[in-house]
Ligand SMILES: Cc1ncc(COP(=O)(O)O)c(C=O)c1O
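For reference, the chain that follows is the form predicted on its own, supplied as C-alpha coordinates.
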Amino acid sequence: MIDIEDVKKMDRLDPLAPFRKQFYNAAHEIYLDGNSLGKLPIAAIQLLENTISNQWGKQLIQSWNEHWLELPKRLAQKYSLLLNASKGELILGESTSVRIYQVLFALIESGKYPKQLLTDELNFPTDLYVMQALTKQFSLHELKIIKYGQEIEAEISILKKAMEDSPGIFCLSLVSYKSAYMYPMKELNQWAAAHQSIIVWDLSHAVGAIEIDLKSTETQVALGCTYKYMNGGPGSPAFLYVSNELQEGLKNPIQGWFGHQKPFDFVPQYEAAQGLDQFYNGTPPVLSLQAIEPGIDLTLEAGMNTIRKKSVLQSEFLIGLIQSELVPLHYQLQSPEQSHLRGSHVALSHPAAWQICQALIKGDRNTPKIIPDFRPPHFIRLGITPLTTRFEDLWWVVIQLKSIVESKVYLHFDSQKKNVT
(Lines give C-alpha, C1' and ligand atoms only; values in the text may rest on other atoms or scores of the structure.)
Protein backbone atom coordinates (compact mmCIF):
# COMPACT_ATOMS: atom_id res chain seq x y z
CA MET A 1 0.00 0.00 0.00
CA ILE A 2 1.37 3.41 -0.98
CA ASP A 3 2.46 5.58 1.96
CA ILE A 4 0.12 8.40 2.99
CA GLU A 5 2.96 10.96 2.92
CA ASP A 6 3.59 10.17 -0.75
CA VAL A 7 -0.12 10.65 -1.41
CA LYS A 8 -0.13 14.04 0.34
CA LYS A 9 2.80 15.10 -1.82
CA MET A 10 0.72 14.35 -4.91
CA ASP A 11 -1.94 16.71 -3.58
CA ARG A 12 0.60 19.45 -2.92
CA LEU A 13 1.75 19.25 -6.56
CA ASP A 14 -1.82 19.32 -7.92
CA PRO A 15 -2.39 22.44 -10.10
CA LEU A 16 -6.13 22.32 -9.32
CA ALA A 17 -5.66 22.20 -5.54
CA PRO A 18 -6.51 25.94 -5.04
CA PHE A 19 -10.02 25.37 -6.45
CA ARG A 20 -10.96 23.16 -3.51
CA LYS A 21 -11.10 26.24 -1.26
CA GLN A 22 -13.79 27.73 -3.48
CA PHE A 23 -16.27 25.01 -2.45
CA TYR A 24 -18.01 24.26 0.82
CA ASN A 25 -16.18 21.31 2.40
CA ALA A 26 -17.58 19.68 5.52
CA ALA A 27 -15.02 18.88 8.21
CA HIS A 28 -13.93 15.27 8.67
CA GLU A 29 -15.85 14.18 5.55
CA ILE A 30 -14.81 12.84 2.15
CA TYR A 31 -17.38 13.33 -0.59
CA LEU A 32 -17.14 10.73 -3.35
CA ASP A 33 -20.75 10.59 -4.47
CA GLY A 34 -20.41 9.57 -8.04
CA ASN A 35 -21.93 11.98 -9.01
CA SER A 36 -25.56 12.60 -8.04
CA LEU A 37 -24.99 16.07 -6.63
CA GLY A 38 -21.93 18.27 -6.95
CA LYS A 39 -20.54 20.36 -4.11
CA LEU A 40 -21.68 23.85 -3.26
CA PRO A 41 -19.48 26.67 -4.61
CA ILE A 42 -18.92 29.35 -1.96
CA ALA A 43 -19.75 32.03 -4.54
CA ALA A 44 -23.23 30.51 -5.00
CA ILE A 45 -24.06 31.29 -1.37
CA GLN A 46 -23.21 34.95 -1.83
CA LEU A 47 -24.96 35.15 -5.20
CA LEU A 48 -28.20 33.62 -3.93
CA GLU A 49 -28.19 35.81 -0.83
CA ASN A 50 -27.98 38.88 -3.07
CA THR A 51 -30.67 37.56 -5.39
CA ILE A 52 -33.06 36.89 -2.52
CA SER A 53 -32.37 40.00 -0.41
CA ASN A 54 -31.85 42.64 -3.07
CA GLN A 55 -33.18 41.51 -6.43
CA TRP A 56 -36.27 39.75 -5.08
CA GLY A 57 -36.60 41.49 -1.70
CA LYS A 58 -35.97 45.12 -2.65
CA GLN A 59 -36.24 45.45 -6.41
CA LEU A 60 -39.06 42.96 -6.93
CA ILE A 61 -40.56 43.15 -10.44
CA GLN A 62 -37.84 45.53 -11.66
CA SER A 63 -35.37 42.67 -11.44
CA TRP A 64 -36.90 40.98 -14.48
CA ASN A 65 -35.72 43.79 -16.74
CA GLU A 66 -32.52 44.55 -14.85
CA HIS A 67 -31.28 41.02 -14.09
CA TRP A 68 -33.46 38.04 -14.91
CA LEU A 69 -34.83 38.11 -18.47
CA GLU A 70 -31.41 37.74 -20.08
CA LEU A 71 -30.08 35.33 -17.45
CA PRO A 72 -30.85 32.06 -19.34
CA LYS A 73 -29.20 33.32 -22.51
CA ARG A 74 -26.16 34.68 -20.68
CA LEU A 75 -25.62 31.32 -19.01
CA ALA A 76 -26.26 29.51 -22.29
CA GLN A 77 -23.37 31.45 -23.82
CA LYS A 78 -21.05 30.13 -21.11
CA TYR A 79 -22.19 26.55 -21.65
CA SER A 80 -21.78 27.05 -25.39
CA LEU A 81 -18.17 28.03 -24.75
CA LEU A 82 -17.65 24.93 -22.63
CA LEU A 83 -19.14 22.57 -25.22
CA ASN A 84 -18.16 24.42 -28.42
CA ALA A 85 -21.66 25.27 -29.59
CA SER A 86 -22.44 28.13 -31.95
CA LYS A 87 -24.77 31.03 -31.20
CA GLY A 88 -28.39 29.96 -30.99
CA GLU A 89 -27.62 26.25 -30.60
CA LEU A 90 -27.94 25.87 -26.82
CA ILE A 91 -30.56 26.91 -24.27
CA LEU A 92 -30.87 26.47 -20.49
CA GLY A 93 -33.96 25.68 -18.45
CA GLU A 94 -36.40 22.89 -17.55
CA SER A 95 -35.29 19.42 -16.46
CA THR A 96 -33.37 16.81 -18.42
CA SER A 97 -36.52 14.70 -18.67
CA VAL A 98 -38.50 17.58 -20.19
CA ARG A 99 -35.71 18.31 -22.66
CA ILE A 100 -35.53 14.65 -23.72
CA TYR A 101 -39.29 14.60 -24.23
CA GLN A 102 -39.30 17.84 -26.22
CA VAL A 103 -36.52 16.97 -28.61
CA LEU A 104 -37.51 13.33 -29.18
CA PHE A 105 -41.10 14.40 -29.84
CA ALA A 106 -39.87 17.06 -32.28
CA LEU A 107 -37.62 14.60 -34.10
CA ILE A 108 -40.37 12.00 -34.44
CA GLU A 109 -42.87 14.55 -35.72
CA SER A 110 -40.38 16.14 -38.13
CA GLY A 111 -40.21 13.08 -40.38
CA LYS A 112 -36.47 13.59 -40.81
CA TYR A 113 -35.71 10.05 -39.57
CA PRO A 114 -37.51 6.71 -39.51
CA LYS A 115 -40.12 6.77 -36.76
CA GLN A 116 -38.49 4.32 -34.41
CA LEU A 117 -36.97 4.94 -30.98
CA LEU A 118 -33.95 2.93 -29.88
CA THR A 119 -31.57 2.87 -26.93
CA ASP A 120 -29.39 0.37 -25.06
CA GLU A 121 -29.34 -1.28 -21.67
CA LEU A 122 -26.61 1.04 -20.32
CA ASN A 123 -28.80 4.12 -20.63
CA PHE A 124 -30.19 5.95 -17.62
CA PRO A 125 -33.68 4.68 -16.64
CA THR A 126 -35.37 8.09 -16.93
CA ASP A 127 -34.39 8.28 -20.60
CA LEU A 128 -36.02 4.89 -21.12
CA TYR A 129 -39.19 6.01 -19.34
CA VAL A 130 -39.58 9.03 -21.65
CA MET A 131 -38.96 6.90 -24.73
CA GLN A 132 -41.48 4.29 -23.58
CA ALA A 133 -44.12 7.00 -23.17
CA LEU A 134 -43.41 8.49 -26.61
CA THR A 135 -43.54 5.05 -28.20
CA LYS A 136 -47.10 4.69 -26.90
CA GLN A 137 -48.04 8.28 -27.70
CA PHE A 138 -47.04 7.95 -31.36
CA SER A 139 -48.19 4.30 -31.66
CA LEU A 140 -44.69 3.28 -32.72
CA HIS A 141 -43.21 -0.18 -32.66
CA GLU A 142 -42.10 -1.26 -29.21
CA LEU A 143 -39.05 0.62 -27.90
CA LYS A 144 -35.98 -1.32 -28.95
CA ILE A 145 -33.41 -1.72 -26.15
CA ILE A 146 -30.11 -3.12 -27.38
CA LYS A 147 -28.71 -5.80 -25.08
CA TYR A 148 -25.03 -6.54 -24.39
CA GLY A 149 -25.34 -9.16 -21.66
CA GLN A 150 -23.23 -7.14 -19.19
CA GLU A 151 -23.32 -3.69 -17.58
CA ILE A 152 -19.78 -2.42 -18.03
CA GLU A 153 -19.25 -1.57 -21.71
CA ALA A 154 -21.31 -1.11 -24.86
CA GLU A 155 -20.44 -3.48 -27.66
CA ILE A 156 -20.01 -1.03 -30.52
CA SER A 157 -20.34 -3.65 -33.26
CA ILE A 158 -23.78 -4.63 -31.91
CA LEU A 159 -24.80 -0.96 -31.66
CA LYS A 160 -23.70 -0.26 -35.23
CA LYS A 161 -25.52 -3.33 -36.51
CA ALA A 162 -28.70 -2.07 -34.86
CA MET A 163 -28.37 1.21 -36.75
CA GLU A 164 -27.95 -0.70 -39.99
CA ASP A 165 -30.90 -3.00 -39.40
CA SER A 166 -33.23 -0.59 -37.56
CA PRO A 167 -32.45 3.01 -38.46
CA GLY A 168 -34.18 5.68 -36.40
CA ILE A 169 -33.78 7.97 -33.42
CA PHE A 170 -31.32 6.68 -30.82
CA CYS A 171 -30.83 8.02 -27.30
CA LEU A 172 -27.59 7.16 -25.49
CA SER A 173 -25.77 8.38 -22.38
CA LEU A 174 -22.26 9.52 -23.33
CA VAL A 175 -20.97 8.23 -19.98
CA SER A 176 -22.84 5.29 -18.46
CA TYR A 177 -24.23 6.06 -15.02
CA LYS A 178 -23.21 2.71 -13.55
CA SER A 179 -19.81 1.82 -14.94
CA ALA A 180 -18.59 5.20 -16.30
CA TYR A 181 -18.11 3.61 -19.74
CA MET A 182 -17.64 6.36 -22.34
CA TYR A 183 -18.92 5.93 -25.90
CA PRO A 184 -16.90 6.88 -29.01
CA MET A 185 -19.06 9.91 -29.74
CA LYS A 186 -17.75 11.02 -33.14
CA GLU A 187 -17.51 7.47 -34.51
CA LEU A 188 -21.12 6.74 -33.62
CA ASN A 189 -22.42 10.11 -34.86
CA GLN A 190 -20.82 9.47 -38.24
CA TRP A 191 -22.16 5.92 -38.36
CA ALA A 192 -25.67 7.12 -37.49
CA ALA A 193 -25.58 9.81 -40.17
CA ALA A 194 -24.55 7.20 -42.76
CA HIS A 195 -27.48 4.97 -41.78
CA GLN A 196 -30.49 7.33 -41.72
CA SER A 197 -30.24 7.72 -37.96
CA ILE A 198 -29.51 10.32 -35.31
CA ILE A 199 -28.23 10.04 -31.75
CA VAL A 200 -29.61 12.20 -28.96
CA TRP A 201 -26.79 12.28 -26.42
CA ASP A 202 -27.47 12.55 -22.69
CA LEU A 203 -24.37 14.27 -21.27
CA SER A 204 -25.49 14.28 -17.63
CA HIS A 205 -22.64 12.09 -16.33
CA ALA A 206 -20.11 13.61 -18.72
CA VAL A 207 -20.36 17.41 -18.78
CA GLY A 208 -17.75 18.95 -16.50
CA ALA A 209 -15.92 15.63 -16.22
CA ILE A 210 -14.62 15.04 -19.74
CA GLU A 211 -13.80 17.27 -22.68
CA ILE A 212 -16.77 17.53 -25.05
CA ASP A 213 -16.59 19.29 -28.43
CA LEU A 214 -20.01 19.17 -30.05
CA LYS A 215 -18.66 20.47 -33.37
CA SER A 216 -15.66 18.18 -33.83
CA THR A 217 -17.74 15.15 -32.81
CA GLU A 218 -20.43 16.10 -35.38
CA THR A 219 -23.11 15.99 -32.70
CA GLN A 220 -26.60 17.02 -33.78
CA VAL A 221 -28.52 16.84 -30.49
CA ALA A 222 -27.34 16.75 -26.88
CA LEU A 223 -28.73 17.60 -23.47
CA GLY A 224 -27.85 17.17 -19.85
CA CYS A 225 -28.19 18.33 -16.27
CA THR A 226 -26.06 20.90 -14.47
CA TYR A 227 -26.12 19.59 -10.89
CA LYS A 228 -23.49 16.83 -11.08
CA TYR A 229 -19.94 17.77 -12.10
CA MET A 230 -21.10 21.31 -12.93
CA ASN A 231 -22.08 21.96 -9.28
CA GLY A 232 -25.29 23.81 -10.11
CA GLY A 233 -27.26 22.70 -7.06
CA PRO A 234 -30.09 20.22 -6.43
CA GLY A 235 -32.54 20.13 -9.32
CA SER A 236 -30.71 22.83 -11.25
CA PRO A 237 -31.97 23.31 -14.83
CA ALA A 238 -30.82 21.31 -17.83
CA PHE A 239 -29.38 22.42 -21.15
CA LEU A 240 -30.46 21.47 -24.66
CA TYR A 241 -28.25 21.62 -27.75
CA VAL A 242 -29.55 21.31 -31.31
CA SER A 243 -27.24 22.11 -34.23
CA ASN A 244 -28.31 25.03 -36.39
CA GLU A 245 -28.66 22.86 -39.49
CA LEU A 246 -31.11 20.53 -37.74
CA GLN A 247 -33.35 23.15 -36.13
CA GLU A 248 -35.47 23.90 -39.20
CA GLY A 249 -38.58 21.74 -39.15
CA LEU A 250 -38.42 20.94 -35.43
CA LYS A 251 -41.36 22.13 -33.33
CA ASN A 252 -41.60 22.34 -29.55
CA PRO A 253 -44.53 20.18 -28.36
CA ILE A 254 -44.89 22.35 -25.23
CA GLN A 255 -46.00 25.80 -26.38
CA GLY A 256 -45.06 27.93 -23.40
CA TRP A 257 -45.17 31.71 -23.29
CA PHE A 258 -41.39 32.14 -23.16
CA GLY A 259 -41.20 30.20 -26.44
CA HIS A 260 -43.40 32.84 -28.08
CA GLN A 261 -41.96 35.39 -30.52
CA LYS A 262 -43.28 38.26 -28.39
CA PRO A 263 -44.24 36.86 -24.98
CA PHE A 264 -45.00 40.25 -23.44
CA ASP A 265 -47.51 41.23 -26.13
CA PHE A 266 -49.87 38.74 -24.46
CA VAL A 267 -51.62 37.85 -27.71
CA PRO A 268 -53.95 34.82 -27.64
CA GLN A 269 -52.47 33.14 -30.70
CA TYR A 270 -49.16 31.27 -30.31
CA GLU A 271 -46.36 32.27 -32.66
CA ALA A 272 -43.18 30.27 -32.15
CA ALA A 273 -39.91 32.12 -31.60
CA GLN A 274 -37.13 31.66 -34.12
CA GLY A 275 -34.73 28.75 -33.92
CA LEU A 276 -34.11 26.97 -30.65
CA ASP A 277 -35.69 29.81 -28.65
CA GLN A 278 -39.08 28.22 -29.33
CA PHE A 279 -38.02 25.40 -26.95
CA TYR A 280 -38.21 27.75 -23.99
CA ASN A 281 -41.38 26.98 -22.03
CA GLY A 282 -42.58 28.64 -18.84
CA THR A 283 -41.12 31.32 -16.59
CA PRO A 284 -37.39 30.73 -16.01
CA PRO A 285 -36.53 29.35 -12.52
CA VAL A 286 -34.45 32.35 -11.49
CA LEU A 287 -33.03 31.09 -8.19
CA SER A 288 -31.92 27.80 -9.74
CA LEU A 289 -30.44 29.56 -12.76
CA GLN A 290 -28.50 31.98 -10.55
CA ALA A 291 -27.00 29.05 -8.64
CA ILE A 292 -25.60 27.57 -11.87
CA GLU A 293 -23.24 30.42 -12.68
CA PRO A 294 -20.43 29.88 -10.12
CA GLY A 295 -20.08 26.24 -11.22
CA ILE A 296 -19.71 27.04 -14.91
CA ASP A 297 -17.34 29.94 -14.12
CA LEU A 298 -15.05 27.73 -12.04
CA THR A 299 -15.06 25.01 -14.70
CA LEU A 300 -14.15 27.45 -17.46
CA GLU A 301 -11.43 29.00 -15.28
CA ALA A 302 -9.85 25.63 -14.52
CA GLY A 303 -10.13 24.43 -18.12
CA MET A 304 -11.53 21.07 -19.19
CA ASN A 305 -8.17 19.84 -20.46
CA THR A 306 -6.62 20.28 -17.00
CA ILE A 307 -9.70 18.82 -15.29
CA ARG A 308 -9.67 15.76 -17.51
CA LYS A 309 -5.93 15.16 -17.02
CA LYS A 310 -6.37 15.12 -13.25
CA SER A 311 -9.45 12.91 -13.54
CA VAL A 312 -7.47 10.31 -15.48
CA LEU A 313 -4.55 10.44 -13.01
CA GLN A 314 -6.87 10.02 -10.04
CA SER A 315 -8.97 7.26 -11.56
CA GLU A 316 -5.85 5.30 -12.53
CA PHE A 317 -4.49 5.80 -9.00
CA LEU A 318 -7.76 4.56 -7.51
CA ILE A 319 -8.08 1.58 -9.86
CA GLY A 320 -4.52 0.54 -9.06
CA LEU A 321 -5.34 0.50 -5.33
CA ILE A 322 -8.59 -1.39 -5.95
CA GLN A 323 -6.78 -4.10 -7.87
CA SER A 324 -3.99 -4.52 -5.33
CA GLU A 325 -5.91 -4.07 -2.08
CA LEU A 326 -9.59 -4.86 -2.70
CA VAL A 327 -9.88 -7.47 -5.44
CA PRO A 328 -8.42 -10.13 -3.06
CA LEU A 329 -11.34 -9.33 -0.71
CA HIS A 330 -14.04 -10.18 -3.30
CA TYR A 331 -14.47 -6.68 -4.65
CA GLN A 332 -14.64 -6.46 -8.44
CA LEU A 333 -13.84 -3.49 -10.67
CA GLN A 334 -16.94 -2.58 -12.72
CA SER A 335 -15.49 0.24 -14.82
CA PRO A 336 -13.35 0.05 -17.97
CA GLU A 337 -9.63 -0.11 -17.18
CA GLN A 338 -8.63 2.00 -20.19
CA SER A 339 -8.97 5.71 -19.43
CA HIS A 340 -10.21 6.67 -22.93
CA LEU A 341 -13.23 4.43 -22.31
CA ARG A 342 -14.03 5.87 -18.88
CA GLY A 343 -15.65 9.00 -17.49
CA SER A 344 -14.86 10.40 -14.03
CA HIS A 345 -16.29 7.87 -11.64
CA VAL A 346 -15.10 4.39 -10.77
CA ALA A 347 -17.53 1.59 -9.98
CA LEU A 348 -16.78 -1.55 -8.05
CA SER A 349 -19.02 -4.29 -6.75
CA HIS A 350 -19.25 -6.57 -3.74
CA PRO A 351 -22.04 -8.94 -2.64
CA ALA A 352 -22.61 -6.72 0.42
CA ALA A 353 -22.26 -3.41 -1.45
CA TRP A 354 -25.20 -1.62 0.19
CA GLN A 355 -24.09 -2.54 3.71
CA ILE A 356 -20.53 -1.50 2.89
CA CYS A 357 -21.78 1.90 1.69
CA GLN A 358 -23.58 2.40 5.01
CA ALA A 359 -20.43 1.49 6.93
CA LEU A 360 -18.42 4.02 4.91
CA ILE A 361 -20.91 6.76 5.67
CA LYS A 362 -21.00 5.97 9.39
CA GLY A 363 -17.21 6.20 9.79
CA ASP A 364 -15.72 6.35 13.29
CA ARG A 365 -13.67 8.62 15.54
CA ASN A 366 -10.38 7.76 13.88
CA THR A 367 -11.41 7.88 10.23
CA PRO A 368 -13.26 10.41 8.09
CA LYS A 369 -16.88 9.96 7.10
CA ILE A 370 -16.93 8.89 3.45
CA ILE A 371 -19.90 9.51 1.14
CA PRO A 372 -20.04 7.12 -1.85
CA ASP A 373 -23.22 6.14 -3.62
CA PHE A 374 -24.91 2.85 -4.42
CA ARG A 375 -26.58 1.63 -7.61
CA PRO A 376 -28.49 -1.66 -7.74
CA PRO A 377 -27.86 -4.48 -7.65
CA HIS A 378 -24.35 -4.26 -6.14
CA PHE A 379 -22.46 -1.24 -7.49
CA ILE A 380 -20.47 1.15 -5.29
CA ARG A 381 -19.78 4.35 -7.25
CA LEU A 382 -16.84 6.55 -6.31
CA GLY A 383 -17.03 9.92 -8.00
CA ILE A 384 -13.89 11.84 -8.86
CA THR A 385 -14.51 15.57 -9.09
CA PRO A 386 -11.08 17.04 -9.90
CA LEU A 387 -11.90 20.53 -8.60
CA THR A 388 -12.48 19.16 -5.10
CA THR A 389 -11.26 15.54 -4.87
CA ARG A 390 -7.81 14.92 -3.35
CA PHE A 391 -5.59 11.89 -3.89
CA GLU A 392 -5.70 11.50 -0.13
CA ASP A 393 -9.49 11.10 -0.33
CA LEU A 394 -9.07 8.16 -2.70
CA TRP A 395 -6.39 6.60 -0.50
CA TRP A 396 -8.71 6.81 2.52
CA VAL A 397 -11.68 5.21 0.77
CA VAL A 398 -9.58 2.19 -0.18
CA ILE A 399 -8.26 1.89 3.38
CA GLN A 400 -11.83 1.95 4.68
CA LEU A 401 -13.26 -0.43 2.07
CA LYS A 402 -10.53 -2.89 3.00
CA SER A 403 -11.05 -2.52 6.74
CA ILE A 404 -14.85 -2.84 6.54
CA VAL A 405 -14.64 -6.24 4.86
CA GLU A 406 -11.70 -7.57 6.85
CA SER A 407 -13.40 -6.69 10.15
CA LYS A 408 -16.86 -7.74 8.88
CA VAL A 409 -18.26 -4.53 10.37
CA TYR A 410 -20.65 -4.27 7.41
CA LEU A 411 -22.69 -7.11 8.95
CA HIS A 412 -23.92 -4.63 11.57
CA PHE A 413 -25.83 -2.65 8.92
CA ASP A 414 -29.26 -3.15 7.40
CA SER A 415 -29.40 -4.84 4.00
CA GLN A 416 -32.51 -2.79 3.00
CA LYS A 417 -31.75 0.13 0.66
CA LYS A 418 -32.99 3.67 1.36
CA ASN A 419 -34.55 5.92 -1.31
CA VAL A 420 -31.73 8.38 -2.05
CA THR A 421 -28.20 6.98 -2.39
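Numbering starts at 1 and runs along the sequence shown. Quantities reported herein were computed from a predicted structural model and do not represent experimental measurements.
Omitted here: the form predicted together with this ligand. The next part is about that form.
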Query raised in the report: With a 4.5 Å heavy atom cut-off, would you call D127 a contact of this ligand in the predicted bound form?
Result: yes
Requested in this report: Tell me, yes or no, whether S95 is in contact with this ligand in the predicted bound form, where a contact means a heavy atom of each within 4.5 Å.
Outcome: yes
Report task. Give a yes or no for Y177: in the predicted bound form, does one of its heavy atoms lie within 4.5 Å of a heavy atom belonging to this ligand? Result -> yes
Requested in this report: With heavy atoms only and a cut-off of 4.5 Å, decide whether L240 touches this ligand in the predicted bound form.
Outcome: no
Query raised in the report: Exactly one stretch in 294 to 302, 321 to 329, 219 to 227, 154 to 162 has heavy atoms within 4.5 Å of this ligand in the predicted bound form; which is it?
Result: 219 to 227
Report summary line: As a check of understanding, the residue in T119, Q314, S204, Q278 with any heavy atom within 4.5 Å of this ligand in the predicted bound form should be identified as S204
Query - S173, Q290, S80, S197 - the one with a heavy atom within 4.5 Å of this ligand in the predicted bound form - result: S173
Query raised in the report: Taking this ligand in the predicted bound form, which residues along 312 to 334 bring a heavy atom to within 4.5 Å of it?
Result: none
